[in-house]
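Two forms, one chain: they're shown below as structure tokens, one block per form, named structure 1 and structure 2.
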Structure 1
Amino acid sequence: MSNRDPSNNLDTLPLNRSAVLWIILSQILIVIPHSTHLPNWAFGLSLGLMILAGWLRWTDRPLPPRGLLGVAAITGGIACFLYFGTLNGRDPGVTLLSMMLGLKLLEMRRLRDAMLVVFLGYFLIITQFLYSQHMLLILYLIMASLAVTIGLISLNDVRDSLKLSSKAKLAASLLLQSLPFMLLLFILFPRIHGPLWGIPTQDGQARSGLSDSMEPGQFSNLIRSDEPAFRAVFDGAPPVEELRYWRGPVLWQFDGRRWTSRPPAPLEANGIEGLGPIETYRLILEPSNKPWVLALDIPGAAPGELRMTGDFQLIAAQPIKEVTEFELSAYTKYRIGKELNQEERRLGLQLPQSTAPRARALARSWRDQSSNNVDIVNKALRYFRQQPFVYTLSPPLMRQDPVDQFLFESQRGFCEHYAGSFVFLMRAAGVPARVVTGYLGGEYNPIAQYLLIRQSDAHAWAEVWLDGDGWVRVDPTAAVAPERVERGIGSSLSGSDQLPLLLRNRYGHSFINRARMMWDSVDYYWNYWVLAFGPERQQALMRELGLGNLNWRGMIITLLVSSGLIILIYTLVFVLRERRPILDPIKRQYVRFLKKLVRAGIMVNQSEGPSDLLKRLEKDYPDIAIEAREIIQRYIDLRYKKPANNMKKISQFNVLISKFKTKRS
């Protein structure tokens, strides 16, 4: 015969109805953020199953049979496999887990099932970090963790004796107690290069708007995004706005509509000649899933983890998949590419046959009328200034011959139209030229003192090769809209182009703009101290803390020792707290009443009973005894007689003590 206590069996313990409903609500809160990356059908199914489980519990209806749930689970697994082509990896794993959690809620009959759901909920919270570590999401997930913990406490409160506020206070206390361990793990857990979660994704799409190609309409769509692209912190004052060109992919090949880059070429010796002081700065890049490092034009040198191509673009060894920091330098005055090799000359003059005949004719006329290439460049810029060109976010579609249609018909376009057509004209006139894409400008944040470059700062310009000068930057957009270069995108668009609200406020001095800068400062510090906390910064922090250059073994040992000390401190605190007498609510309020008497100068003897105290007050302090009599009498009734409707009388007793004031106090 077994001596096992059946009350400890997770299969037989009853489920608290309010606890079950709270657990279902917490799981709904957890799955909601996954709506941005789960397939719509999978998110809808998961959420629908959770809502159905809550409705069945609320109305006390029977749960579906296990056989039906088993069939649904198999069907969901097959649907997930057919959609992703696999069950391995981040996206299919999270999708399957979300659906299975919804099904589990529909078979939650025993405490064992409920405990499993709670811990699955904690795990589903962790999976959110596989997609984003944004600060607002972190705050939301903390609240979700609090909700799940309240559900866990409710499961153990079988008699449902605790109020929701008491459960929330206890859950918050438990989370706060875990905070020191979280900080230790963050600081001391050995860091690796690259994202901590090395789980493959199925999309592989870039998060940055830039690509290694350009066609009409690409930048005008990107310009409407207010998302940060990167930030730059300069050692001194940042360069003036017209020198803030951030170099990205360089485009050489043109098929009549689309510009594309060439394979990365090696940097030739002595390819860069600085003509002025060098700028030093820190670049904090947002994840882009591309290897491009958007450096200030022209990079002074390539740090050890980067390489510079023959197009003077900095490239990382791996795509940027997390917030990454680089220490860089740059020349804003320079001479590059003084010697043009045969391959670059061929690419710099390449044009598709039978395209843009009118543009070719115009370029040839400039060639015939000019004595040198500089004169041709000036004629092209003069053409853009004198003709009725319009800088706009909403250019018309040009389906047939984009270059001729833009130059001679619509004359309405964005930076990619001006840069692409200018390079075409230069090549048609025999001047080697190429398109450079990247960003222009940046907004200075005076609070945290950095330049913020957003996707809306994306830009395209041109470079022409001139004898004796090498590659020279020419921005044809400046000929049409000089405000774009000098003051940013918001001051250069026509009145019909409506920017999003945040972008419009960006160029004013409104309260909204200042609040936005304050929030971006918080986001910057979050990125700098948390998301960009890599191996180098971890080692630097170890040295600042006096721990030297710890290897991973040293960090693990330090982590274990520190965790042990925290556990020891917690143990001592709990032991000392348990030794203190715990007063019941009635006694605690009565002690509060006695303290008020002491503050009034009335001596209170700890061994004196309430009846004796009342007699002494009536004899020595009759004015105080009038109000104290009701308090003491109610205390005697609550403490010794246990009247009916106890909670109501306790509440009235508390109110009396709160209002009690002595004339001497």
Structure 2
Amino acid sequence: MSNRDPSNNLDTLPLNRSAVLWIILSQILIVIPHSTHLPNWAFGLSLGLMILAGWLRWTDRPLPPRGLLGVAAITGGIACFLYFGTLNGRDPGVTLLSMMLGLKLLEMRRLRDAMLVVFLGYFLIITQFLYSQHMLLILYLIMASLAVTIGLISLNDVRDSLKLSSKAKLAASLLLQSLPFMLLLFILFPRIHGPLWGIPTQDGQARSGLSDSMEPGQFSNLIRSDEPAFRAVFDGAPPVEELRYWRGPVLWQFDGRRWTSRPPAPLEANGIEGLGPIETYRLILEPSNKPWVLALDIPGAAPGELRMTGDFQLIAAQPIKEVTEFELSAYTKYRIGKELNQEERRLGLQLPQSTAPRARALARSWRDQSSNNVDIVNKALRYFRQQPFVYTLSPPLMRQDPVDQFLFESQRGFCEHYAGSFVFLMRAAGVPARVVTGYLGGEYNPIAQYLLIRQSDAHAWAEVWLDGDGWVRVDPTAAVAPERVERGIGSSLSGSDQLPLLLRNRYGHSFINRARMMWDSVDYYWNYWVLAFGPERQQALMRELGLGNLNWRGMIITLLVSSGLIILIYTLVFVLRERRPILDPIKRQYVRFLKKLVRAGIMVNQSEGPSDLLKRLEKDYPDIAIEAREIIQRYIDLRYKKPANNMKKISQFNVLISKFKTKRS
């Protein structure tokens, strides 16, 4: 009967103003972080539409007509198609969704529209994770979901009777209640290798200080990003600073400007001979979109999923597109290379035709003066040490003949210049040599006990072939700027070289330094426990929990059963809470006061009346009684004296109890 009354149908009721405004605000909050990857026009459009909707609602103006919105939606779809060439995939999808959400806000008239917007908002929050899973972003998105949830609550609060604070409280408690489900899904949802849904990670996320070629003189600026490249956790103490060389691509071929790697070569048997103890460690790599696993020089062996090249570099089967963890080992004292094969000898002596005549002449003179190859190496290092070379991250551009220009004219450069010209000189003197790129250094974090290697720690050094000793590492940069090797990049630069603030202060203010370490530890744990939680770790956890080797089917069943259990527990809690009598607000405050007494070590009996309690306090705890008297008398007044209580008296009473403190004797 009552269904015929239109006012009883929620869908025809006008939406309440605060709900509409909250929903619009929350959608704006959600769309803002998408600014980093949406095309600018699309982001501007959807943000503009949302702000327009907010303004129209705020000033109580009419919404635009349906037809106009329809035309706008079709235009937006076409623009999106023209821009991306498709409507499929992550980017076009998210772009389309953001724009349509903006349009939908302009036609949010009924409860149904508003509900749709709210749920699309939740979905748009999820799409953020297709781009970034950074911890700070997640904190932001939690705030955004709180805002959407407040919108949802306002929507259902048809009479608009709740205060914002109580809505926020309710929203927060709803989010907290969903926490167990979130954890359950995180742990139990079947995991697959690779990024979510096979969506390729794009370059935005994969910035590396390394590439598979190097061109000294071509770029006047090196990557100075203090983004973490990887972290290493050693089972024992980490190696000393001078031994923290992390091996990346090895470069052989030089065309006068550019160093490139050779075609993949197989690993010689027994190529590695450890001369000291083997060190084991865990490497947690940030995504780089490259398959290189930056192992400590020299890797002991390649674990199952990795392959070692003939240049002793560890390579993963796939480019690393998410935070990945490896168990590795290394010899810091070693001998590598048994014999120099024909191919390696040819490549190790290869020089481009007719470049750098002065360098060749210099090398030839060393050749003539030296009895053996070790002597030549030492002569070259002495040259770098004695000539006025300067280590700088912003050297002049060298377009003509980079080797000669660097060695004899500018004499300013960074590791690439030194390593490249050193190898050139060695080859010209007849010593087989090659460039090794990778990272050098790493900052020890004493809080979480790991080494942090940043993108700015990228480095290049040389390896020369000495008969009997194999490939020997020589770092010409160390001859010029020893502190670069010993203490990291932050200390080796003069003031004019601008490094990010946090890097510059690495050895400076201890407070900032400590805060930075703390922050990085948090980031590390986030990476380790959340982002690197892949299928293997999941299986290991299952075994630890005694669930054995669960396949995905078993996991789903466990997931459903445990979700059911949580729902059951919630239901029980709610039912029991319903049964419990609701405490009078004054009594609730009084109970708070009693709890404070208990904390101070005063026995409190629920059957003791307030005036009896006061008498006892006056007798046994005279110092507490002074303050307690006021509270107890007000309690008696409020609860037993006058039936009509005014709010002011109650709030005064609450304040008194909040202020009440007992000194522990």
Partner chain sequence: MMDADTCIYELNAIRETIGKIIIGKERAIRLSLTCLLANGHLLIEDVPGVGKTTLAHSLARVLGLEYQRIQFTSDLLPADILGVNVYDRETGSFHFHPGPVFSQLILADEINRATPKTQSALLEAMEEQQVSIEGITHVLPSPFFVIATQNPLEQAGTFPLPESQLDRFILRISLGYPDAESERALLLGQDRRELLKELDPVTSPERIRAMQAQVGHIQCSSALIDYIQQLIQWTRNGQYQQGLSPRAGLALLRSGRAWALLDGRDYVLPEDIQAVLPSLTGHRLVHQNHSVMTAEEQAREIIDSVPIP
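In this text, the rigid core denotes the largest set of C-alpha atoms whose superposition between the two forms falls within 1.5 Å. Every value quoted in this text rests on a predicted model; they were computed, and no experiment measured them. Residue numbering: structure 1 sequence, from 1.
Remark: the form predicted together with its partner chain is the source of structure 2; structure 1 originates elsewhere. Core-superposed comparison between structures 1 and 2: CA of residue 357 displaced by less than 2 Å. Core-superposed comparison between structures 1 and 2: CA of residue 591 displaced by 2 Å or more. Core-superposed comparison between structures 1 and 2: the Cα of residue 521 travels less than 2 Å. Structural comparison between structures 1 and 2 after rigid-core fitting shows the C-alpha of residue 603 displaced 19.5 Å.
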